[in-house]
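Below, in structure tokens: the form predicted on its own, a single chain.
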Amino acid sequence: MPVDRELPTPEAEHLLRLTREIADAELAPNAASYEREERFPREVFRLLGEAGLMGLPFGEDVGGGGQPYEVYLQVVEELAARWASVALGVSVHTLSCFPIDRFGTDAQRRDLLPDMVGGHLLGAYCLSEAHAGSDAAALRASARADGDGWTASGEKAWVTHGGQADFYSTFLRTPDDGEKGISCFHLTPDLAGFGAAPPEQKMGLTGSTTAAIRLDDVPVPADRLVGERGRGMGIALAALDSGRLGVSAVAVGLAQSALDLAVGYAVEREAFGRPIAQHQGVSFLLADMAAAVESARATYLVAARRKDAGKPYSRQASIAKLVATDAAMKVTTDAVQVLGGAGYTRDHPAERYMREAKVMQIFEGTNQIQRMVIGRHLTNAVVPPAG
């Protein structure tokens, strides 16, 4: 059922209508088959780029939509309600554009951002490594100064769009900057020695390619450094705060789909002479699902509005990520329960929703990491790096 939204402007209302029209026509009919066949929908991202949906939170001066995060995230949610892999891709792309938009030089913003935020190029974000998922400060992949540029070596893990992206916002240790020195680089797959491993075989979000990226003495031009050398961890953490809001919106969209599916089934399916929705056990379950979805939506919108107002929102972003992804896991599991045996088959999307929800509690910082971040904010302790 359509979500009753409170949007800040008539332009935002038009944008959400456009999003729903595109999502209903181009995403919803294809999601199940692409996920089943593990096909990457590159053409869908091109379509979204042409519609102006790949760069909504970025400035109009660089070709973006100039929209507040409050609006951008609700667009992501609507996309996720039809196809979670695509919505996640939009969120990751936004995350990948963030370093240059926020920390890039004037030349980088002028020369690179228009094609990035316009959706002509698709981005990936490379922070995690196989041995350093939640502990991003422990990463080993490095870039050493080499003449006028750099030479990058090592491997990055769990890269969404790995092997499919046109650019990679990559965080590498720069040894000359001290033991904790990490820098951000804008890498492209045409660089010699840059390669992708075979895609991971995942339990869900199979339309979204995830692969390791291998850097075999990759020569990196000097102008590919983003921000100050040795200050990459600050860039990474700032990006993750906004990225966690993106994941929150994806999780809410997925949970909304599961709720809608469960309600539709409960109204039609009869047992003991009446629709199962009229049995209190099912009715209460649906009510709890609805409460979880709407609470999660409100939580990410609170964080987004703080961001739009220029207020600190790191704690609120972690709360949103924790609440929304836990809600998605519970709501999708309950949707399977409402459908009963039918929910356990692939005749209905309930089982796919459940598989897709699980990873949302893991990426962009596990929910255990979110609890650490929230707790340390509350006790005024130093927040540790989290990846």
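Throughout, we count residues from 1 along the sequence that is shown. Just so it is clear, the structure is predicted and the values come from calculations on it, not from any experiment.
Form predicted in complex with a small molecule: not shown, discussed below.
Among T151, S128, Q108, S314, the residue placing a heavy atom within 4.5 Å of the small molecule in the model of the complex is S128. Of the candidates V159, V220, V75, L113, V159 is the one whose heavy atoms come within 4.5 Å of the small molecule in the model of the complex; the others do not. Although the partner is absent from this view, V359 contacts the small molecule in the model of the complex, with a non-hydrogen atom inside 4.5 angstroms. L16 falls outside the set of residues with a heavy atom inside 4.5 Å of the small molecule in the model of the complex. Of the heavy atoms in M372, some are within 4.5 Å of the small molecule in the model of the complex.
Remark: Q368 counts among the residues lining the small molecule in the model of the complex, judged by a heavy atom distance of 4.5 Å or less.
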